[in-house]
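Shown below, as structure tokens, is a lone chain in the form predicted alone; questions about how it binds or moves come after it.
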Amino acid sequence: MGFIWFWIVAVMLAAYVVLDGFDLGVGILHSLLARSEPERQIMLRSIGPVWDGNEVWLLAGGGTLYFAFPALYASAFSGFYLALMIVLWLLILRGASIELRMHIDDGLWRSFFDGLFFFSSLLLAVFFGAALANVIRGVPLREDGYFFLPLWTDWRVGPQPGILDWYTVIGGVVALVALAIHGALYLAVKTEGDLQARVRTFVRRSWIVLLAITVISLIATIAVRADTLTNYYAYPVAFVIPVAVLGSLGGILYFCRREADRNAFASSCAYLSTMLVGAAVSLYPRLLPSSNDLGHDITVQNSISGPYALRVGLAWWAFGMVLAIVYFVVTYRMFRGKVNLDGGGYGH
């Protein structure tokens, strides 16, 4: 049951990154690629029907984590308290910027919320990437399973790190570039004309940066945690994951050059998913490693709920997932196709 719930949580978080990731990417590009008010409205309309539904996966993942691994939830949500409050405010500001932008027909009003949308989306991408890097690197867990992290210390990886150091900054840059490209590929699927051509150009020019920072992040991970490849050596079939990462990266560029936008977007989804799966494989059975004493790691075994709760919870989780999947299939089907500014609503 521990193995099952570990992968349930991992899959739910991966679903959040893939789905809400293109929302964040659109927010990052909103002030960079749009050259007119109609183009800015098109970009917002492309995510308007789905952005808030995509964020449900973050709540569902957090709730599942609390149910299945309560000790991890208690430790992580106390130790990362400062970072979580920053993320919470960024989510609030981003939602407010989307919902309030068009309430007043005034250029200054719209410019303010455009800036807020860009700022919150960019920082969310960076903080989410840094958060994953913190989990991979480890945190200074005490014997009671708790810890505290300042925002930064000396920017070095060591027994008493901060939330931000050179390694977690690399994680933040990977997330920023990857989600910006992910959002651009989504826009290529949903838009037409000059804006579509512009986002395709952005992907082709940014692709080499993503390739370079991905390779750098893999090398840095092995340098920071010497046991990163332990599970890979124990189960050599797992080496198919880094191959899939590189293959999906190649697919992004290949399909983008041929203007096969849906295939390019699918390749981006595969890239994000395989990167996260690779991180999960390197961690298992650890959930939160210790940076100062391996004996203090929070693992599947020492943080999991009771067997009866897990069995009952699995049945309710399956029922809830069926409802969620049906909702997402219906929503994305209703708003499929290109976005335009004709009529009201979201212009589909």
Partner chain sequence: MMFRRGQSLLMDALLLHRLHFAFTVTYHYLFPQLTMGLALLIVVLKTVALVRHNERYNEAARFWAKIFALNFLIGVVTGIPMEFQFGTNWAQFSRTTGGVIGQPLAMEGVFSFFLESAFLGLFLFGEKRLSPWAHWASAFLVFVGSWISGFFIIVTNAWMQHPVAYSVLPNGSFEVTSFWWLLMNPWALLQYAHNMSGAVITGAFVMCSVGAFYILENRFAEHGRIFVRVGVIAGVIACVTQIFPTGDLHGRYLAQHQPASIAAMEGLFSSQAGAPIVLMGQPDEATQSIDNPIVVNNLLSFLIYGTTRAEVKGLDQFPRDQWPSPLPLLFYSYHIMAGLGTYFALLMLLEALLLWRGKLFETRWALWLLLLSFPLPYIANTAGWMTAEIGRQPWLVYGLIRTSDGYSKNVSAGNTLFTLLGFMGMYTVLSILFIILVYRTVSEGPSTGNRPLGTKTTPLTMA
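Residue numbers count along the first chain shown, from 1. Predicted model only: the values in this text are computed from it and were never measured.
Only in words, not in the display: the form predicted together with its partner chain, which the text now covers.
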Wondering, does residue 251 line up within 4.5 Å of its partner chain in the predicted bound form on heavy atoms?
no
Using a 4.5 Å heavy atom cut-off, state whether residue 55 contacts its partner chain in the predicted bound form.
yes
If we define contact as a non-hydrogen atom of the residue within 4.5 angstroms of the partner, is residue 51 a contact of its partner chain in the predicted bound form?
yes
With a 4.5 Å heavy atom cut-off, would you call residue 284 a contact of its partner chain in the predicted bound form?
no
All three of 4, 245 and 269 touching its partner chain in the predicted bound form at 4.5 Å, heavy atom to heavy atom?
no
For its partner chain in the predicted bound form, the stretch among 105-113, 184-192, 154-162, 235-243 with residues bearing a heavy atom within 4.5 Å is 105-113
Sole residue of 197, 208, 216, 92 within 4.5 Å of its partner chain in the predicted bound form, by heavy atom
92
Students should find that, of 167, 147, 117, 265, the residue having a non-hydrogen atom no more than 4.5 angstroms from its partner chain in the predicted bound form is 147
Taking its partner chain in the predicted bound form, which residues along 59-88 bring a heavy atom to within 4.5 Å of it?
59, 60, 62, 63, 64, 66, 67, 70, 71, 73, 74, 75, 77, 78, 79, 81, 82, 84, 85, 88
